[in-house]
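Read the single chain below, which is given as structure tokens and is the form predicted on its own.
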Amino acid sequence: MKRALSDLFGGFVSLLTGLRITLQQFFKPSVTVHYPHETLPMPERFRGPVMLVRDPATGQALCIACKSCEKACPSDCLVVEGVKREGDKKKSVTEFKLDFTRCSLCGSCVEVCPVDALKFSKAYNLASTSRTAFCQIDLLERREEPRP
């Protein structure tokens, strides 16, 4: 009987302690952000999905299709195709594919690029119901040779 009353008293004290903590927290300002109506600012060092950098003046991709990013990628999520056009000094990229569902954001591709043609984007709100939405495919302008 004595043990039952002791347990009952201990439970009541525990209940009052929980209520006291709840009331203290109830009157403090909220730290919750009401997403998606409000968002927190992203830190400067945030690393989103990898993206192909384009020259701001011409709009052409800076990539020279050397495939070093493709070789350095441990998750094998990049595919780069390119051609050397007549009159150009370097190869130019014709196709750039990135499967973000396989990307581990390690940064190997960004570090190894000799011309800084890849960088991390600031996109963070990546949500979709289809897998194809996470595959970035850039079919860059192909100049066809005129037919005789």
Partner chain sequence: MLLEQTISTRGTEPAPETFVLNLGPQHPATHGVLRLKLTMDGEYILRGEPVPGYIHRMHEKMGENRTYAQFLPNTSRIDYLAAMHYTHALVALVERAAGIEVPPRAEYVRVITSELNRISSHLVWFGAYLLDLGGFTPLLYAFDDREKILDLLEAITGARLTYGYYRFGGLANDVDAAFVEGTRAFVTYMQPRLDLYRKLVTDNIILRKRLEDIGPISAEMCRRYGASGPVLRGAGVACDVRRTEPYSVYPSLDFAVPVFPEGDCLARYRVRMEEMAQSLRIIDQALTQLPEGPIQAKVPRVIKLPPGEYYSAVEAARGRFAIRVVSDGKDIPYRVKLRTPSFANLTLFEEASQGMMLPDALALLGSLDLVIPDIDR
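Take the two forms, superpose them, and find the largest set of C-alpha atoms that agree within 1.5 Å; that set is the rigid core. Positions refer to the first chain, counted from 1. The structure displayed is predicted, hence computed values, not measured ones.
There is another form of this protein, the form predicted together with its partner chain, and it is not shown here; the text below is about that form.
Comparing 52-60, 91-99, 78-86, 22-30 against its partner chain in the predicted bound form, the single stretch with non-hydrogen atoms within 4.5 angstroms of it is 22-30.
With a 4.5 Å cutoff on heavy atoms, Pro43 counts as touching its partner chain in the predicted bound form. Its partner chain is not shown here, and in the predicted bound form it never comes within 4.5 Å of any heavy atom of Lys119. Although the partner is absent from this view, Glu111 contacts its partner chain in the predicted bound form, with a non-hydrogen atom inside 4.5 angstroms. Taking the partner from the other structure, its partner chain in the predicted bound form has a heavy atom within 4.5 Å of a heavy atom of Ser104.
Exactly one listed residue, out of Ile137, Leu15, Ala133, Leu126, brings a non-hydrogen atom to within 4.5 Å of its partner chain in the predicted bound form: Leu15. Residues of 86-103 placing a heavy atom within 4.5 Å of its partner chain in the predicted bound form: none.
Leu126: CA moves less than 2 Å between this form and the one not shown after rigid-core fitting. Comparing the forms between this form and the one not shown on their rigid core, the Cα displacement of Pro29 reaches 2 Å or more. After superposition on the rigid core, the Cα atom of Glu44 is displaced by 2 Å or more between this form and the one not shown.
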